[in-house]
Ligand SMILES: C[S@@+](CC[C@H](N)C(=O)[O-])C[C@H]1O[C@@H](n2cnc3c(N)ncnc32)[C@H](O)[C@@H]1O
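The data below hold one chain only, encoded as structure tokens and taken in the form predicted on its own.
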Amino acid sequence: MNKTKHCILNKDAANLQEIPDGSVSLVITSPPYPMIEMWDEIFMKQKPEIEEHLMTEPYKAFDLMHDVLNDIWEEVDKKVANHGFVCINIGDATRTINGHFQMYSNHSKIIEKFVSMGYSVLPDIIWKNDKCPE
């Protein structure tokens, strides 16, 4: 019988040097969502120019936030085995900046990045437990 190793990492995924390249069969992650205000500071710490664009050029800030995530996706890609899976929990964002309400399509940016790295896009399945506690 083949043995498997399971590891949960609760850390910044920008540097996964302790994991051998091509050794991971499944990645499940829920990164910060670009253009959700509660995560602005996290992105700005990693790429300070985001702050200068956020209120005047929000799509530029959105792209810069995805640059941060793209560096992580490239690191994750190094670790994923051939035919491995990457499952990402991320939603699109809506935000009002300077009185202008807008949707920011995070899922599209992530799909674009993974397709450019050679991944196949698979359908998603989402379940939510709406059972009332007794």
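Just count from 1 along the sequence shown to find any residue number. Under this definition, the rigid core comprises the largest set of C-alpha atoms superposing within 1.5 Å between the forms. Everything quoted here is computed from the prediction, not taken from an experiment.
Note that the form predicted in complex with the named molecule isn't included here; everything after this is about it.
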| item | value |
| --- | --- |
| Contact flag, E18 vs the named molecule in the predicted complex, heavy atom cut 4.5 Å | no |
| D124 within 4.5 Å of the named molecule in the predicted complex, heavy atoms | no |
| Any non-hydrogen atom of N70 within 4.5 angstroms of the named molecule in the predicted complex | no |
| Interface membership of I111, the named molecule in the predicted complex, 4.5 Å heavy atom rule | no |
| Region of this chain that lies against the named molecule in the predicted complex, out of 24-32, 56-64, 98-106, 74-82 [heavy atom, 4.5 Å] | 24-32 |
| Within 45-65, the residues that have a heavy atom no more than 4.5 Å from the named molecule in the predicted complex | Q46 |
| Rigid core fit then L9 CA moved by 2 Å or more between this form and the one not shown | yes |
